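Below you'll find only one chain, the form predicted alone, shown as structure tokens.
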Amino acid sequence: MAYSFSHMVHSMHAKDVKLLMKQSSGKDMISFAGGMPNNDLFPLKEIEDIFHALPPDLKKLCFQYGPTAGYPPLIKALKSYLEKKSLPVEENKILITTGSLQAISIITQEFVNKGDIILTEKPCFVGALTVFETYGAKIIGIPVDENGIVIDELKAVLKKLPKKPKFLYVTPNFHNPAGIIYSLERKNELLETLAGKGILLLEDDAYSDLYFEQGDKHFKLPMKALNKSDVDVIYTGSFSKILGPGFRLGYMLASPDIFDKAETIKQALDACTSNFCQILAQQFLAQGALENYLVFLRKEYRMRKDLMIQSLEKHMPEGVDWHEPKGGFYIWVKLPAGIRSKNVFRESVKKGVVFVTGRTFDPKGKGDRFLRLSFANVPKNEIDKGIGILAEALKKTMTKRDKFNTIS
């Protein structure tokens, strides 16, 4: 199933999101909210050339139904692509999905009944939270630090649970929203913690190709590539960040048993993912265009990240902290004590700047001392102005807090 941005938002915060959607639609708005590429970055010419060069029979096939599991040449191209990530493609099977969020939804439908427990990171990708809520799961969040999910916290939760969780959902590479990348040591610790417990690991990897420095490339080794036989890892990926969200193309790599049930569920959901988009993506991969495009994207997003970091250092008051990401789309900003991001949002939106509040990513919808800034979608020439406006909104909020505390 495909989700619009508004449907991807945690249902606890519907009012916040309605306000965000309404306010961010204005032409003069500077939006740090969008977790999507800027429209000017899409490979228009390459895709146009690919389509025009297709033989007539293949063009006709673009308009036809396809196999539920996916367009076979795309699966073949994906195998080569995933093998370069050291993923075990021969002993697993690939299912093409309508965005990686559909893969998450399919796995949830396959394994979760109402009242079952799902473990997530805290903070967590809001689209996944919405899926888990839709299926009636009890969601328990485990904190993350700069190296990944906090293992001691995970162990403590596992000890106290009344029943075994169905799976643990993680986004280890350039985390959404925290921007971190799991260290190799933390990945191994996580696998060791889950070993032999019969708890699935759902590894969501939408951003790993968007590293900024070549030296950081080795960090992005997937946990499924570590090939621990005593932990069943389901790996999901997406073309949304490395080709275009409008293609609605994702995939999962899973064991044959999990794949078979997942394929049946997908058949009932939408029969097949768009042949048109699969054929274009397959050609993009097979012709080697993806790697050249990724080189361009890495340079572009690093530039945008650098501009945002410089602006944060220039404008933000004392007491504001952030983690500088090594890739991906996001900067996760920690506000001073006593400041809630929803109050900062109310001030900033009046001046034309929007972002996503921290509690949106909290499985319980409570923690609101953080805010997420995306540098991917906003035009570069608006970053400094937008951060300046945001900083002034924060200072105003801090003044109100201090005034209230003085009166109290």
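Just so you know, these numbers come straight off a predicted model, no measurement behind them. Start at 1 and count along the sequence shown; that's the residue number.
Just so you know, the form predicted in complex with a further copy of the same chain exists too; it's not on screen, but the next bit is about it.
Contact annotation: a further copy of the same chain lies within 4.5 Å of heavy atoms from the stretch 64 to 72 in the model of the complex, the single such stretch among 64 to 72, 379 to 387, 347 to 355, 360 to 368. Contact check for D270: a non-hydrogen atom falls within 4.5 Å of a further copy of the same chain in the model of the complex. Of the heavy atoms in S105, some are within 4.5 Å of a further copy of the same chain in the model of the complex. For L194, no non-hydrogen atom is located within 4.5 Å of a further copy of the same chain in the model of the complex, even though that partner is not displayed. Heavy atoms of Q283 never reach within 4.5 Å of a further copy of the same chain in the model of the complex, leaving it off the interface. Comment: a further copy of the same chain is not present in this chain, but in the model of the complex one of L290, L312, I331, C277 has a heavy atom within 4.5 Å of it, namely C277. In the model of the complex, a further copy of the same chain lies within 4.5 angstroms of at least one heavy atom of each of the following residues of 239 to 261: S240, K241, L243, G244, P245, G246, F247, R248, in sequence order.
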